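Form predicted on its own, single chain, as structure tokens, below.
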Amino acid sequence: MAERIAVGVVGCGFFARNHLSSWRDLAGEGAALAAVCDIDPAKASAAAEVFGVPRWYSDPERMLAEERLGLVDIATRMDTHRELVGRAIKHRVPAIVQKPFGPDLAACAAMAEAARGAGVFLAIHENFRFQAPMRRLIEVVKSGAIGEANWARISFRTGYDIYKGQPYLLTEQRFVILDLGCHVLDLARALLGEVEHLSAETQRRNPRVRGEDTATMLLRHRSGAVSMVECTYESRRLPDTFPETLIEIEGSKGAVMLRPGPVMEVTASGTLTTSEADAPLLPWAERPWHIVQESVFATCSHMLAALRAGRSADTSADDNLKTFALCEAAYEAMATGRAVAPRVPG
């Protein structure tokens, strides 16, 4: 069996249950849930009971000081990330942080720099690129089967009531680009490479929402490829494909499409091949969330393997600065009405 790594989880709310289930299932890979923490003692104690965790805390500083953790998973809202990452670095505990990395690029850069300077592992739980359909899609593009990818559309459009489980999203001033756009922009980077500049238009289609709930972005990649990246929580079309991301990529020799189902269509050498691309249904997962839930497990597994190997995660803090810079560029492009080049700190 792999060497044991004691894992602590900070945050026991709505989405953190997927993290806790994943760490429990990764026991065979050496993960050992040692402690959980939430500022609400009732949530912390309930999570400890449900997941068989030995100890629970309501103070993250106390957990980090008293436990001998090999990894802390910070599954809290972004406005808490800077303080919690700082505490993890102070105690020299490797950390994973839920997306979005932080409220703004300056805060993200400060956390990344602090971790880099201290030599502490820091990664962002950016799980979309770890979804089973996306892993297959990335393999197809990188294999060269469609030649050089030169155009793409990446679309996440839904009317699913996400506010029921996360009501705080209604009051976020910067909303869909940070909450959802970070996912689809990260996919654009993973599939087509870094971005030269982007333009953006945003809308607030739901009067109950404070910030933008729809974003349409046009990216020019350094390779010369162009992608249209869009996200909204205000689609009213049926069937609603939540939580699937639909993608079309054209290349110099073919194309690949991720359709609802999810179903993958690959055109290569003049031949169309169709196959199912769904994620496996884990014992604790439920439809339609299973695609996201499986990706949480895959992300945690990747992070654990990277930490054990002494290397950076694919979605390390430094890598995620490039994705967050795209989010900031999108807000600036929306405000100025012009294309903006992303500015990556450092």
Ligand SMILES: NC(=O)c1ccc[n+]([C@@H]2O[C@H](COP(=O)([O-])OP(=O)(O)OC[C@H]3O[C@@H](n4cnc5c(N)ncnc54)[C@H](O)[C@@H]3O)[C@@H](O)[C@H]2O)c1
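One rule holds for the numbers: they count along the sequence shown, beginning at 1. Small disclaimer: the values here were computed from a predicted structure and weren't measured.
What follows is about the form predicted in complex with the ligand, which we do not show.
Among residues of the shown chain, Glu294 is not one whose heavy atoms approach the ligand to within 4.5 Å in the model of the complex. Although the partner is absent from this view, Phe15 contacts the ligand in the model of the complex, with a non-hydrogen atom inside 4.5 angstroms. In the model of the complex, the ligand sits beyond 4.5 Å of every heavy atom of Asp186. Among residues of the shown chain, Asp40 is one whose heavy atoms approach the ligand to within 4.5 Å in the model of the complex.
Against the ligand in the model of the complex, the set Pro100, Asn127 and Tyr168 is in full contact: each member has a heavy atom within 4.5 Å. Just one listed stretch, out of 210-218, 75-83, 249-257, 146-154, contacts the ligand in the model of the complex at the 4.5 Å heavy atom level, and that stretch is 75-83.
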